[in-house]
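Quick setup: one chain, the form predicted on its own, written in C-alpha cells, and binding and motion questions come after.
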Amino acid sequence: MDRMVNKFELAKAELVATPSLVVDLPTVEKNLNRLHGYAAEHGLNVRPHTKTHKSRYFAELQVDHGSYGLTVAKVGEAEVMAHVSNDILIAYPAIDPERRRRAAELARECTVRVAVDSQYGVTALAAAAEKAGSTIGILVDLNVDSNRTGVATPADALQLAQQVSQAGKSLRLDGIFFYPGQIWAPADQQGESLQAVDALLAETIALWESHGLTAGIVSGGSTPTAYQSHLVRSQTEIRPGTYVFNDMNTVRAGFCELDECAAAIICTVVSTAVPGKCVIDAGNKTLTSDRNVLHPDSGHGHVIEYPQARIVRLSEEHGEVDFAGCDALPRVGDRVTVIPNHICPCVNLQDRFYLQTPETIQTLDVDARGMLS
C-alpha cells in the first residue's frame, strides 16, 4: 500500500498523550457529504448508526447534514443520543428487564423504535411500555442471510407483525428491519446478493399488505453496501456506521480510499530491542484484537509512516510491529500513526478523542463510551 500524506502530523507534533484517538474533521465532512449526496439522489433517508463514534458532537454533525434520526445498539446510547435527535432506533433486541424499562421511559420523551425478532420481545416491550405509559415503535427484524438475528421467513415476520398490531396502544407497528452484514463483495459485484434481499423484502411486504398491515419503514444497510442501497428497492432508510470515519476493513475491501479514513491512533515507539521489530504503546486495549475481515493476515492495522510494516501481535498494552519489509526502522520515542482494522470498538476503548482541523486541535469526550446496557 502506497504511502499517503499523513494528515495527522499536527496531532503528532502537538505531543498529545499516547495512545490517542485523533479524528480529522475535514475528512469527516467529506464522508458525510458523500453519503448524504448519494441518499438524496436515490430518495433514501439516512439514520446513521452512532456505535462508530459514540459522540454527541458527531451525531449533531450527522443531523446537520440531513440525518432524520439516529441508530444505537443499547439503551444507554439511546439516552445520550436523545439529546441530539428525537427519533431513535435501538437496533438490538431489548430483552433484559432494565433495558426494556429504560427504553419505555425514554419513549415518553421522544420517538423510540426497537428491532424485534421474538414473541417474547414483543410481549416484554408491550408490558414495559404499558407500565411506563408510553408507546414503542416496533420494526420486525427479518433475517436476509446474515444469520445473526432476525426471523427466518416472511410468514414468521407476519406473525410478529400481527402480534404487535394487536398489542394495543403500548406498541406501534412501524415496519421492517434488516441487516445485510454478510455482503462484503466489491461494490460492483453486490447486485445479485442485494437483489435477493430485495426479493425477500418484497415478498414480506406483499404478505403484510394482504393481511392489512403496512411497513412504513424498511430499515437496512451497512457501510459495505451503502452506495448500492438503491438496488434494494423496498428500502426506505439506511443505517451505515463506519462510513463516518472508515477504517482498514473498508479500505482493504475497496469501499474507500486510505485518505478517506478520518480516525487514527497516534502511538509512541517504546522499544526496538528485538531486531527487526518495534513495540508501540497500543495493544489490544487500544486497537482491539479484530483481524481484517477480508485480509486476516494483514496485521492489526496500517502504519501510515511505514506502509510495509505489519502489526503482527497484540497483548494488553504492547503492539508488536514487524519491519522486515521496510527500508528503515523507527527509533525509541518516535511517534507513528495507525489506522485500525475496525474503528468502532477502538472508539469505545477511549474516554476522549482529539478533533483536528488544519489549524487547531481540541479534546472532546466519547459521550457514550462503555454504555453496553
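Every value quoted in this text rests on a predicted model; they were computed, and no experiment measured them. Don't overthink the numbering: it's just position in the shown sequence, from 1.
Not pictured, yet referred to below: the form predicted together with another copy of the chain.
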Just one of Asp281, Asp87, Glu130, Asp198 has a heavy atom within 4.5 Å of another copy of the chain in the predicted bound form. Which one? Asp281
Which residue, Gln189, Ser210, Asn147, Gln166, is the contact with another copy of the chain in the predicted bound form, using a 4.5 Å heavy atom cutoff? Asn147
Answer yes if any heavy atom of Ala324 is within 4.5 Å of a heavy atom of another copy of the chain in the predicted bound form; otherwise answer no. no
Can you tell me whether Glu305 touches another copy of the chain? I mean in the predicted bound form, with a 4.5 angstroms heavy atom cut-off. no
Contact flag, Ser315 vs another copy of the chain in the predicted bound form, heavy atom cut 4.5 Å: yes
Is His230 close enough to another copy of the chain in the predicted bound form to count, meaning some heavy atom within 4.5 Å? no
Is every one of Ile95, Val151 and Ser271 in contact with another copy of the chain in the predicted bound form, taking contact as a heavy atom within 4.5 Å? yes
Only one of 251-259, 289-297, 103-111, 220-228 sits within 4.5 Å of another copy of the chain in the predicted bound form by heavy atom distance, namely 289-297
Which residues within 61-78 place at least one heavy atom within 4.5 Å of another copy of the chain in the predicted bound form? Ala73, Lys74, Glu77
